[in-house]
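This document starts with one chain, in the form predicted on its own, laid out as structure tokens.
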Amino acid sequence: MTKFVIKRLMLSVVILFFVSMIIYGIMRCMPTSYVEQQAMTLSQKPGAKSYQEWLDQLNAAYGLDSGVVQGYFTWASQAVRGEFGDSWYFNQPVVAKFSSVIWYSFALAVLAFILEIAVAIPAGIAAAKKQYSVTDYTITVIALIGISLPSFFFATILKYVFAIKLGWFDLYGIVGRNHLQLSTVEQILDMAYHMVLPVITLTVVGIGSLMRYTRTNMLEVLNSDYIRTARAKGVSERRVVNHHAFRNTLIPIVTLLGGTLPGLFSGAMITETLFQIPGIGYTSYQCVIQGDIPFVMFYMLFSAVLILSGNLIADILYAVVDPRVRVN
């Protein structure tokens, strides 16, 4: 297993190298006049540097005054040291801005992820146990609705019903107007209160695929020969389902759950934008609209690292959930 992890890490470094080169190449496709426009905008802010100083700094920081290959290695040498430059739109270091918004997205994604697992997997198992029953059809319909609903449409409905009509929640934001006057516990509850609708949106939209995936794999396992043998020996149905069948159902589910790691940190851009949650998704959307190249480059590179890490974790978990799987 150790050799396997080391090999995968080395391969991930190579993949990340080419991914970062592609990201940098796309950035270099931007016209030079665009960088000049950004330098002009930054120079007009109170207490900012002059236009020529900003232009020289931006060109030097990202190697825009040299060839693509040389410029990439100039940027990469700084990125390896954790220096990703300053955000053009927020006028502060990229890493500092990222650190201040990532935990909003993480809290939002973790809550939705826990609810998805808590609801989807038991519902999928229940549907498989009672195939072609009312329970199965009901769960299937709910799953199809969750798969079919776009997040922006469902979020708009929730806002219209619970925020505009009923007035139970605020339309936008992560905190209320009197947030600073509240105690620490009350501030936490205030933020949790504002996360209710976004969490419901992410849970309902993401629950359908996991529910259907669990049901399909559970049906395949329940129809296996060793399950029939266990039932013929008089093993209780609960033990057959929970001990024998469910463990083998976890093998393909691990692949699906391993791919959710990027979503825990990369943010839900559409949902966060609709509710104006100041997470990494909404921040990245603002940076894309404003042409904040340093932040967008860092965000894309960070997402690539998460995807590679998620695939590695999924491979390792195979051996955890199934003793028959051993990596040489």
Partner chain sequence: MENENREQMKLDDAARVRVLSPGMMVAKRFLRNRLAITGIVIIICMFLFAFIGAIITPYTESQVFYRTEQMRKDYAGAVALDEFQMFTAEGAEVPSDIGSKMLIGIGKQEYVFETRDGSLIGLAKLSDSTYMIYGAERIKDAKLMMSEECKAAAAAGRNWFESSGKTYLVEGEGIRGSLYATTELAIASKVSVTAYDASTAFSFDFYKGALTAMSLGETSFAADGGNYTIEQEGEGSAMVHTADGANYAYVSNMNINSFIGGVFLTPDFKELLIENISSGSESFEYTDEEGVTDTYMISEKNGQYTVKRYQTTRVIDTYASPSKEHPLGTDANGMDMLTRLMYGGRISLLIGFVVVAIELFLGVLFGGVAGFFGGWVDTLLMRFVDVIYCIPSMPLYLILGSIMDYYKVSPTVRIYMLCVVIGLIGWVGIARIVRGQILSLREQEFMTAAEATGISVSRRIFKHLVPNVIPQLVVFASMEVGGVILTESTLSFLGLGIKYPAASWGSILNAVNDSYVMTNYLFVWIPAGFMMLFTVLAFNFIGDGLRDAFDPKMKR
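Numbering follows the first chain given and starts at 1. All values reported here derive from a predicted model rather than from experimental measurement.
What comes next is about the form predicted together with the partner chain, which is not displayed.
Determine which one of 71-79, 134-142, 111-119, 174-182 lies within 4.5 Å of the partner chain in the predicted complex, judging by heavy atom distances; exactly one does.
It is 134-142 that comes within 4.5 Å of the partner.
May I ask you to choose, among 156, 187, 100, 224, the residue with a heavy atom within 4.5 Å of the partner chain in the predicted complex?
Checked against the cut-off, the match is 156.
Counting non-hydrogen atoms within 4.5 angstroms of the partner chain in the predicted complex, say which of 236, 91, 229, 148 makes the cut.
Only one option qualifies, and that one is 148.
If you check in the predicted complex, is residue 96 within 4.5 Å of the partner chain, heavy atoms only?
Answer no; every heavy atom of residue 96 is more than 4.5 Å from the partner chain in the predicted complex.
Taking heavy atoms and a 4.5 Å cut-off, does residue 83 contact the partner chain in the predicted complex?
No, residue 83 stays farther than 4.5 Å from the partner chain in the predicted complex.
Classify residue 209 as contacting or not contacting the partner chain in the predicted complex by the rule of any non-hydrogen atom within 4.5 angstroms, answering yes or no.
The answer is no: residue 209 has no heavy atom within 4.5 Å of the partner chain.
When the contact criterion is heavy atoms within 4.5 Å, does residue 299 count as touching the partner chain in the predicted complex?
Within the cut-off, so yes.
Joint contact, 125, 127 and 253 to the partner chain in the predicted complex, by non-hydrogen atom at 4.5 Å:
No, the whole trio is out of contact, none within 4.5 Å by any heavy atom.
Using a 4.5 Å cut-off on heavy atoms, which residues of 7-22 contact the partner chain in the predicted complex?
Read in sequence order, the residues that approach the partner chain (within 4.5 Å, in the predicted complex) are 11, 15, 18, 19, 22.
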